[in-house]
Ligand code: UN1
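The chain below stands alone and is given as structure tokens, in the form predicted alone.
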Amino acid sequence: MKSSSSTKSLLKMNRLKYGPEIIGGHFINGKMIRGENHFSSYNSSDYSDRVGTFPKAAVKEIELAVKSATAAFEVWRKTPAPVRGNAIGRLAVVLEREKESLAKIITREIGKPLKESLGEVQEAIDTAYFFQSEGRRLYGQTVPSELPNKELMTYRRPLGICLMITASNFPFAVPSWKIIPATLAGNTVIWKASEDAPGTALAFALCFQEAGFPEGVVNVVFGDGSVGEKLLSYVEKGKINKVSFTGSTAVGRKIGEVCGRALQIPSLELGGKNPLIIHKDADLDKAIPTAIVSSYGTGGQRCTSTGNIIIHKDIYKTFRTRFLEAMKKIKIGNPLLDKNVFYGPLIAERYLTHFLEHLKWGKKEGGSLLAGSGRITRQNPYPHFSGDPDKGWYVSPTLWEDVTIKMRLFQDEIFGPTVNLVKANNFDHAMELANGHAYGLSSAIFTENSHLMLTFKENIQAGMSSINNSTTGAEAHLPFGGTKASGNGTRESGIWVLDSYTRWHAVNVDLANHLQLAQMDVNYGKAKEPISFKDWVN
């Protein structure tokens, strides 16, 4: 990033192999707060490289963040929306200028390939440009009254203090989906960033500062899940007015309970077990590479990653053979050393533990393991690996078959590079399988039959669907979110997200010179006496 006295002071300038070490702090009320208890963030691809040290928020830092956001809200909400939009436009300019630098921080910290990290920053840029213009379109409505000399109108009003809790797999794009529209609408933000990507979060916070956001509008605190729990206690105290969470369904349910007691509606973007249907008329030349990316892109660490590939029985063997051939060519390794790596490490050791456990219980419940040998090490090598496998949480691409709808393999989100091949007898059976799990985030189908495309769109139980494309991928102006166990119906992105960060305010202005009572004083008029046409025929 562009150097300044403030950023230089954050860095240990003894330049290491991958970059300097960051001396991080909470970003509260426009200031860096180092705190007392610290943790380290390590390079996911090479954990001999410490990205930096960051504080774990204590109660006093949390209270300061709440106090700062509350004070800033009284000023920010009164700032005209087009002016708030201009600040977001300046943010977009900063992000464009620093796109490559920010992407390298993301790649260093969580291990996704640089191309994906660049795409993640671009998504934040797209989001910022989209919502810059929405500052001039925070429309209300004028509504006709049933009484004369009376005007009815509606306004969008900000909610207040918004708590954002985000995951590590998209540490830049997903927070942008939340913070940018929330601040555009006049809210202020406390962001509890992922403990796996604090360096990325701090870099993003400094971009807001350079863009001219007033102190206290965007505040960032660091720490593990216990910090999030402490922050949630302020919801029930009435000091946090909105929670937006991206993460597991289990945690989402707990957040929903807290918000429910406070009569708040949280935004919950949760897990997925996303189906990809391959009908018998599918174009396999396109479907095979798409399925590879959909299943193994980002090491399967997307909430929209494909979990079950549902294949028509007539082409099952052909698809299986070709998919295995393509899968065996996947290159894995350290993306900071090799730009041709398809996916890097798992983001954290806890994800490795969960991934290795699924290999055990998957076999025990009857799944057939076609490919996958667990963790990649020097003693358990992978043929297409680049870097030192013993310095990161690397795992080989995994493929299962003989998976039935009742198995955990079919039902559970694994969060890693693993996918199931499931045989369908016909299209109806494929749809039954596609809807036969608790989740409803993303979905896709490959077919050339327009009628089946329509049937799929009308009957799939998912918040997002693709036809002849991947289950993954999003655009800044399209709603993102799921149904069933994948979310509570709220949406990220596009104009739809504004409903999550504003409340509707109805106003009536009576200009009559006397009291008018709705429904009671309305002259609806009446019809004249009914005409009897029977006299015409007698």
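One-based numbering along the sequence shown. Please read all numbers here as calculations on a predicted model, not as lab measurements.
Just so you know, the form predicted together with this ligand exists too; it's not on screen, but the next bit is about it.
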property	result
Option touching this ligand, based on a heavy atom within 4.5 Å in the predicted bound form, out of 117, 267, 169, 420	169
Residue (of 54, 27, 480, 501) lying close to this ligand in the predicted bound form, criterion heavy atoms within 4.5 Å	480
Proximity of residue 177 to this ligand in the predicted bound form, heavy atoms at 4.5 Å	yes
In the predicted bound form, residue 278 touching this ligand (heavy atom, 4.5 Å)	no
4.5 angstroms heavy atom contact with this ligand in the predicted bound form for residue 68	no
Residue 485 within 4.5 Å of this ligand in the predicted bound form, heavy atoms	no
Interface segment, criterion being heavy atoms within 4.5 Å of this ligand in the predicted bound form, picked from 507-515, 54-62, 37-45, 471-479	471-479
Any residue of 341-380 that, in the predicted bound form, places a heavy atom within 4.5 Å of this ligand	none
